[in-house]
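In the block that follows, a single chain appears as structure tokens, in the form predicted alone.
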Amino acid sequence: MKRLITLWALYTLFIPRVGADEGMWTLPLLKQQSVIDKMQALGLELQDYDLYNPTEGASSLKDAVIIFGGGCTGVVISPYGLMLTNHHCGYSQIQQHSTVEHDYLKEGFWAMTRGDELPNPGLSVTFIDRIEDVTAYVMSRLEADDNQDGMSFLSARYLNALAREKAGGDFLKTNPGTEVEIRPFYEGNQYYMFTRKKYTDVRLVGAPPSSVGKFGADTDNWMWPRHTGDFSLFRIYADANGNPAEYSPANVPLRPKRWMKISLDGIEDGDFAMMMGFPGRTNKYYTSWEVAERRDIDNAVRIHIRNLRQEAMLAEMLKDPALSIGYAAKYASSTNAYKNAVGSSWAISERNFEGLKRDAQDNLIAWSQKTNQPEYSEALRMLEQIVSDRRDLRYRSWVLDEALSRGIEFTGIPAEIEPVVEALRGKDKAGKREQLRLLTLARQRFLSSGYSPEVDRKIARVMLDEYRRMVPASQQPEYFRIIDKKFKGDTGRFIDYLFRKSIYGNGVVFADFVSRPSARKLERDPMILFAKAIQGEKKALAEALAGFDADFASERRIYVRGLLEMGAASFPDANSTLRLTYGQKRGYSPRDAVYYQSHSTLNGVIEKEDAGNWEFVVPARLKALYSAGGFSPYGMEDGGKMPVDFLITTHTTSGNSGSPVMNARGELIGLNFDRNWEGVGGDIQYLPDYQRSIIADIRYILFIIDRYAGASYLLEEMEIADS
């Protein structure tokens, strides 16, 4: 333990040898790691304490940055709790309030008074109040831990128990909405404790129509140039004392500690830019064997199966507007991960990630031999063996997950029927009625969650066929033998049988079951048996793969410790904690003789218009505004064009959606919403020639709010810097 603490103390003095724009940096170490010096050399006009100030009672830019929901970032932009995040981050809330009669996805939504703002049960935003290095504390507790599973050093349950213990019960009781957690960094070689404040009354204020907020949709996703106004507005509410509270008409807009000033000056090529947010997961410290595993199993399976599923889903969506609304988020989620996998595999091959990681491993082996520390070479040998040993299980797990667990919706029906069966076989009539009531509610919830049995049926035929082709019959769930035995291998007939005979697939069958409930009928329900078979196989594969986890995590921890000690590690992998990344506005060349400029304009929106393609429909009002011209004060100085999106060289990943982008003075100039396809491989290795973050220009956002929506009253509560 003492060696690890000493190692970390030495590491904080080490200046990482990484590219100027590479990195997802932890805020407390901006000065120690000389990151602030590099930022200032590029043009930053602020000091480290302007970005992150740990002094009690002080505020800094980080206090305006929030976690939106469970997986996005947002930024507070007014002293009245008004906040910005992406349209795609608020998509499910916008969808939740939409109906065929009032389709806010299609038409947009704008609350013209605070009384019109829409509550969103289950949605939360979270502020980071304090970040504390607790490495010594955690290491001392781990040394005394007698847990035999060997995973305490990465266990969220174990670490968060330590966090609550360290914070103290009195502190948590006297600070409503406050939570604490400890997160591992560098694979458990360092630890930080985060004190967070969570607000649960968050109301929808405004969202452009999808023809603005999602313009280009799946065709343009991960692509450049983009012409998307990917933003939505929410407001955070608190009780009269400013504390987090559940929704109540009596709640008032939050008076935040800090909000971000807005600049209309724009950004030129070569200008400094920075971003704060909560990047989800990167794999900078992959070994070469994991890189190959990612390409040949994870990505290959996902690309192949999702392509089949998306084709089937989209064909049904285009037939029916109601289905298009109901399946919009599902389709978008599927294509998002699909394109990521395509880009990741391209980068792995294009930039020879296997070779780069192999070089890092060889350097560590040579160094460990020179310094007589064989544990690092041994850790690499063990990691190679584990990756090889788990290959078949991992492949089967990915195929099952993509084709059946994710690919077929009805595999997620409530298949744990034991309480109902027990009640039906018992003599307690009240208990029987209650279990039937719960079963009815479970069925209603499943069928009312934007679900179409007919769409699921058609997709299921494609998915099941492909699963059975990719996985040997001997490794498929036992229940699948019925397909060959009873249906002569015809998966289409089998799927039709499930829908025809199941209480979940057929309303008549369900009504008959309720009128004459039978434990035997329920136990033989074919869709329930199918779902249980999938869920059982998934659990079995997960348990088998989990058998490798403790050894793998332990050896990886040693490997990364070796990189740290050798001075070959820089920033820690992203883990959904607050990070800063910086760079410059710059275009790029994706291939020979092609160069992409770093800014897009409203001209490009008009050029892309295709009234016959739902992805590229341009609203009539936006076309009228374009024709009228006169974009001041939002237009570009050079020619007066209306800016839409721009590129910067920052290092981002999922979770950075909605991250505020700031200029050298710390003023808001845009909102991150995507990466270019050529840069998604940056989750493994930064790509300086290709890595670009795609930003919605704040001038376009304000233009849409002001001129398109007519909600200029919202701008009155923002702080806009003088040009």
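Quick caveat, the model's predicted, so the values are computed rather than measured. Just count from 1 along the sequence shown to find any residue number.
Only in words, not in the display: the form predicted together with ligand GLU, which the text now covers.
The closest heavy atom approach of Phe673 to ligand GLU in the model of the complex falls within 4.5 Å.
At least one heavy atom of His88 is located within 4.5 Å of ligand GLU in the model of the complex.
In the model of the complex, none of the heavy atoms of Asn663 sits within 4.5 Å of a heavy atom of ligand GLU. Interface residue remark: Gly655 is counted as part of the site for ligand GLU in the model of the complex, having a heavy atom within 4.5 Å. With the partner omitted here, the residue from Tyr395, Tyr634, Trp222, Phe194 that has a non-hydrogen atom within 4.5 angstroms of ligand GLU in the model of the complex is Trp222. Residues placing heavy atoms within 4.5 Å of ligand GLU in the model of the complex fall in a single listed stretch, namely 645-653, out of 380-388, 111-119, 645-653, 463-471.
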